[in-house]
Structure formats: structure tokens, C-alpha cells
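Quick heads-up: it's one chain on its own, the form predicted alone, in C-alpha cells.
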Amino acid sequence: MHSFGYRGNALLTFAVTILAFMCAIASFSDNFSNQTPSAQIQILNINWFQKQPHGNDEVSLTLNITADLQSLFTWNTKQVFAFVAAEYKTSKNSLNQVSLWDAIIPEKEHAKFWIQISNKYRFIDQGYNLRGKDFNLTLHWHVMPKTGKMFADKIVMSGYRLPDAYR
């Protein structure tokens, strides 16, 4: 006869193995969901574009962000972290990213939104590289599942340009 401790250990090991297998299947099933997020970002106004006293360029923008991220939500999605970044090149760096806005979207019902905001975080370049600069606005998102690995993707919107002179 096996002792009570031995039987309890066997039952617990079996239960944890089944739970791990179910988590792996749940995570794998997310690969088959049809994800078709959409977004559009408009710059409504350049509130100010100035050179700071210590030489850095700073921009304040009013943005109109429209997005539908509902397709990112499945039964395994805990939340989605989304953020908008301005991306541009300079002679020193091949990619500069400045976060302008972010949000945590906890439920599918909140994943379709339209907001009009000034940039939440300061858009500053170290130096005076922003005058006349072409840049992209990119909506990034990170899907945080209840079980499994995190998934990230983005939508890049190009064709934006800053003025040639400070305002």
C-alpha cells in the first residue's frame, strides 16, 4: 500500500501537469485568432515648437487618435498596452522614438476609441534636429495574455513634417 503522502504527491503532480498542458493549449490557440486592428492619427495643431534655453528642440502637438483594437482581445487577453510614438532619424541615430501618449486597455469594450489630446509626454530632441524634420507617428501595442507569451505589433503612419522655423 502507498502512504497518504505518496498518493497526495501523485495527485498534485498530475493536476499541475494537466494545468500546464491546458495553459499551453490556451496560449497556442491565440495564434489562430484573426487580428485586424486599425488606427488613424491626425495632427490637429502644433501648439508650440521652440528651442529650449539649453539647446534642445521641444514640440507640443494636439493629436486626434482614432483606433479600433477590439480584434486583439480573445478569451485569453488580460489587457492591452497601447502607445503612440513619434519616430524619426537623425545623423547620430538611425531611429529616435519619443512616446507621446499611452494607455492600458483592460477590456474589449474600451478598445474602440477616439480621443483628442495634447501629447501626454514631452516631445524633446537632444539638440536642434527637429526643424523641417519628417517623422512617423506609430501606434504600438502589447497584448498581455492571461497565460502564454506577450505579443507586440504596430501600425506606422508616415507623412508628417515639422515646420522649418520655431513658433
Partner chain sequence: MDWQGQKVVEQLMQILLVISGVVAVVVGYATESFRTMMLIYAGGVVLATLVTVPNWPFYNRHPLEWLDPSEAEKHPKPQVVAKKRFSKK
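Between two forms, the rigid core is the largest collection of C-alphas that superpose within 1.5 Å. This is a predicted model, so every value here is computed, not measured. Positions refer to the first chain, counted from 1.
Beyond the structure shown, there is the form predicted together with the partner chain, which is absent from this document and is the topic of what follows.
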Identify whether the partner chain in the model of the complex is within 4.5 Å of every residue in the set Q35, F49 and M157, based on non-hydrogen atoms. no
Is there a heavy atom of H2 no more than 4.5 Å from a heavy atom of the partner chain in the model of the complex? yes
Distance check, G8 to the partner chain in the model of the complex, heavy atom within 4.5 Å: yes
Interface membership of A26, the partner chain in the model of the complex, 4.5 Å heavy atom rule: yes
So in the model of the complex, is the partner chain close enough to N76 to count as touching (4.5 Å, heavy atoms)? yes
What residues in 143-165 sit within 4.5 Å of the partner chain in the model of the complex, counting heavy atoms only? K146, T147
After fitting the rigid core, is the C-alpha of R7 off by 2 Å or more between the shown form and the other one? yes
